[in-house]
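Here you get one chain, nothing else, as structure tokens; it is the form predicted on its own.
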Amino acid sequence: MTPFLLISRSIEYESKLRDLLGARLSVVTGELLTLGPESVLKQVTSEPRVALLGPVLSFEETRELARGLTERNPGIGLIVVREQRADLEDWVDALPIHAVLSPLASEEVTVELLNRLTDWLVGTGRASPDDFNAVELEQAPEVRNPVTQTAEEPVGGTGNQLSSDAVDNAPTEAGWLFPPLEPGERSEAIAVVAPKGGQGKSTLSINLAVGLAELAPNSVVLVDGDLQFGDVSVALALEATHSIVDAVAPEAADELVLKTTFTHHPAGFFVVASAPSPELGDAVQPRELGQLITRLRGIFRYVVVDSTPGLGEHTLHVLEHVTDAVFVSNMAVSSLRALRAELTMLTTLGLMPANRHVVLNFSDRMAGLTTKDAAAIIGAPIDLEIPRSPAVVLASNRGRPLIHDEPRDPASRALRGLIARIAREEQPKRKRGLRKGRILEPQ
């Protein structure tokens, strides 16, 4: 039995995968699809445990092949091989797949994905170790053999097992729906910081994550780091089954388990929800929060952290692990002075991130201060001004990001300016409103 199956129209990718998997791989050429998916499925005479579909397959072809392979081989692992495009989320929503892999992914990235998927198949009883050890692998230079580890020998040697809860939830878990970061690709982490509550910090965090997800679909995570009273999930109308408490637990040292703690939003990003109660939030240590950000940067292109107000120990650890900090204040003199104290303290401690962005929120001509006055109080230039708008509260009450709920509102346009400032080198692939679709959570 050959455990791996490739159905593709790309001769180049077929050659690449044959070099990596050798005799473990069987191939059915996609040209047969002109006769219909059934003609291709008839050519699959073995019982593959992992099927790679693509590249150069249409959505309809991939959907029918996935359906047919699942019916013939219950428990099969399905990987779509496809470049990251703006409609990738649509594919992920509609197909019963476990992973998305770029055809340009390196051998190391491909091997890592195959290892994790096959370990999961073995660990959940959908396959046995013998399924993958039947044929000796022809290993590429300096690349470890895929699928030589069993569930008792986790990838990376962490010593952690996939938890029973994660196993029960894993068949369509969001953990397999992450476009891989290529080796050397830059990951950025952005902390949204305010000297006190009520500055609009969470609204900025949410809309920043939404806007970045338009540039990098499914490669953005929003961490609700307000550990006692975080309300990101409420503002997004999400019912999170896991929280940051689970994300920093020892079991989540295994990346597969960590990914089961995320909640997917239909706009194409993931959320690490705040603790379900203040006492549980207090149990999250500052060091654990910093370590979580570092681990998330190994998975996502952008990590956005909605921090706890003020400069407590948790927020300081967050700032140590990010590339950007967005400092937010309203036009109250007390808030502006508190922000000045924050900036001074961080500069003195050497904790100011490389990229600083000062946002004046709820800007209002009737506040008795001008933007120039606010900058003088802060002691730093204002990088972005967001006008006061009733649309902000309305969008939050509807559970929708402002930039999608009221895209023409002046506050939405200002938020777009912040997104462009953070992602200077990126260009939007498409502009779209919030699409109504199923939320990709563990089933």
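Residue numbers run from 1 along the displayed sequence. These numbers come from a predicted model, not from an experiment.
The discussion below concerns the form predicted in complex with a small molecule, not included here.
Contact check for residue 62: no non-hydrogen atom falls within 4.5 Å of the small molecule in the predicted bound form. Contact check for residue 198: a heavy atom falls within 4.5 Å of the small molecule in the predicted bound form.
With a 4.5 Å cutoff on heavy atoms, residue 387 counts as touching the small molecule in the predicted bound form. The small molecule in the predicted bound form comes within 4.5 Å of a heavy atom belonging to residue 393.
Not one of 77, 118 and 254 places a heavy atom within 4.5 Å of the small molecule in the predicted bound form. Across the options 379-387, 43-51, 66-74, 25-33, residues that bring heavy atoms within 4.5 Å of the small molecule in the predicted bound form belong to 379-387. Exactly one listed residue, out of 219, 263, 274, 203, brings a non-hydrogen atom to within 4.5 Å of the small molecule in the predicted bound form: 203. Checked against the small molecule in the predicted bound form, the candidates 290, 309, 281, 123 yield a single residue with a heavy atom inside 4.5 Å, and that residue is 309.
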